[in-house]
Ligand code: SAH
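Just the one chain here, the form predicted on its own, laid out as structure tokens.
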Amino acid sequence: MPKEVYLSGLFPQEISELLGYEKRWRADQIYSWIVKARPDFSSMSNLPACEREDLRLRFGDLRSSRIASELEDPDGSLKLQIRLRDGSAVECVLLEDIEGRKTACLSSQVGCPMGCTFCRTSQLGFLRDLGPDEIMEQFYFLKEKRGFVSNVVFMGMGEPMLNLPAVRKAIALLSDPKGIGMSLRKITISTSGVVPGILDLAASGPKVRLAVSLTVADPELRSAMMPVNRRWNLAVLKEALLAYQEATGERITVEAVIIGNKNAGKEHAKILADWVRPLKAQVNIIPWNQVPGTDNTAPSAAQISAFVDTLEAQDITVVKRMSRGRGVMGACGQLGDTLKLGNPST
């Protein structure tokens, strides 16, 4: 049976306390190997052989999860399916842009409870939250495969704001100066609009970048496409974002997934511009990535161009995002295409 505590989600002090080490430097050694993305205890060459064997006997494996499959897109994206300790699975993606920046897109939950109608992960339903070790191991697997990772986005499977304690712990590990040492400005949390999480982040940090998947600012249409709007409507969401900006002074990224037959019209762009205007925000336009089981259609190039032009005419800062990872169903909204929750394979 797999153990419930794994070292990949712990700081040196926690490792020392767990193992009962009197000499803290031994825990520091173990931690240094973990953050180098070494896969097992046997690779920790500066530990005595007896110590490595003791760790193997106590924990079995260094990591609680394993790579079940990996797919490489011709555009350079890498998608990993990670099998977890209970047999369920999540997916994570490494995206590399034309300037060579490598971004790890990490999952925070097995499945997703939010029910967005344009997202494959939401079609799976929700099984459970991930622990800090399971989040960090996604990062380590990607680092092991592709080397240095410059950015992290919590935009994979799940709603990060509903698993904020584990996400916070993972961010603390990612940004630890004695470990990975990633700048908080290189880390982004994306939310569908979970207001308590936004306010919690504003009050207690960490001061990472915030992205909000808004998609559409028409109240009825957003409620139909994103059930989160029925609980925290657009007015409440904007109030929370304004409070977040007052507390942090940071610019927010507003994400708009454009679907050809749903929210691609100029009228949708104008409503979006009106909603965004009071915020210090950048709007990322994301053409919908096709997933099975919906009546959605991909937007045409002309629709995207007209949408962007309409926003820019309203003095809104706009970035059109390229969809990377489509060839392996690893683009925005496509994760989980081959997974079945509650019936994990081995």
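All residue numbers are counted from 1 along the displayed sequence. Note that the structure is predicted; figures quoted are calculated from it, not measured.
Unshown form predicted in complex with ligand SAH; subsequent notes refer to it.
Original post:
Given that the partner is absent here, does residue 119 sit within 4.5 Å of ligand SAH in the predicted complex, heavy atoms only?
Top reply: Contact check for residue 119: yes, within 4.5 Å of ligand SAH in the predicted complex.
**OP:** Classify residue 103 as contacting or not contacting ligand SAH in the predicted complex by the rule of any non-hydrogen atom within 4.5 angstroms, answering yes or no.
**Re:** Residue 103: no, not in contact with ligand SAH in the predicted complex.
Original post:
How about residue 255: is it within 4.5 Å of ligand SAH in the predicted complex, going by heavy atoms?
Top reply: Judged by the heavy-atom cut-off of 4.5 Å, residue 255 is in contact with ligand SAH in the predicted complex.
Original post:
Might residue 197 be said to contact ligand SAH in the predicted complex, defining contact as any heavy atom within 4.5 Å?
Top reply: Output for residue 197 is no: heavy atoms all beyond 4.5 Å of ligand SAH.
**OP:** Please determine, with the chain shown alone, which of 88-96, 71-79, 189-197, 172-180 has non-hydrogen atoms within 4.5 Å of ligand SAH in the predicted complex.
**Re:** Only one stretch passes the 4.5 Å heavy-atom test: 189-197.
**OP:** With ligand SAH left out of view, choose which of 311, 286, 37, 27 has a non-hydrogen atom within 4.5 angstroms of it in the predicted complex.
**Re:** Partner contact (heavy atom, 4.5 Å) among the options: 286.
Original post:
Can you pick the one in 304, 298, 279, 291 that has a heavy atom within 4.5 Å of ligand SAH in the predicted complex?
Top reply: After the contact test, the surviving option is 291.
Original post:
What residues in 134-155 sit within 4.5 Å of ligand SAH in the predicted complex, counting heavy atoms only?
Top reply: Contacting residues: 154, 155.
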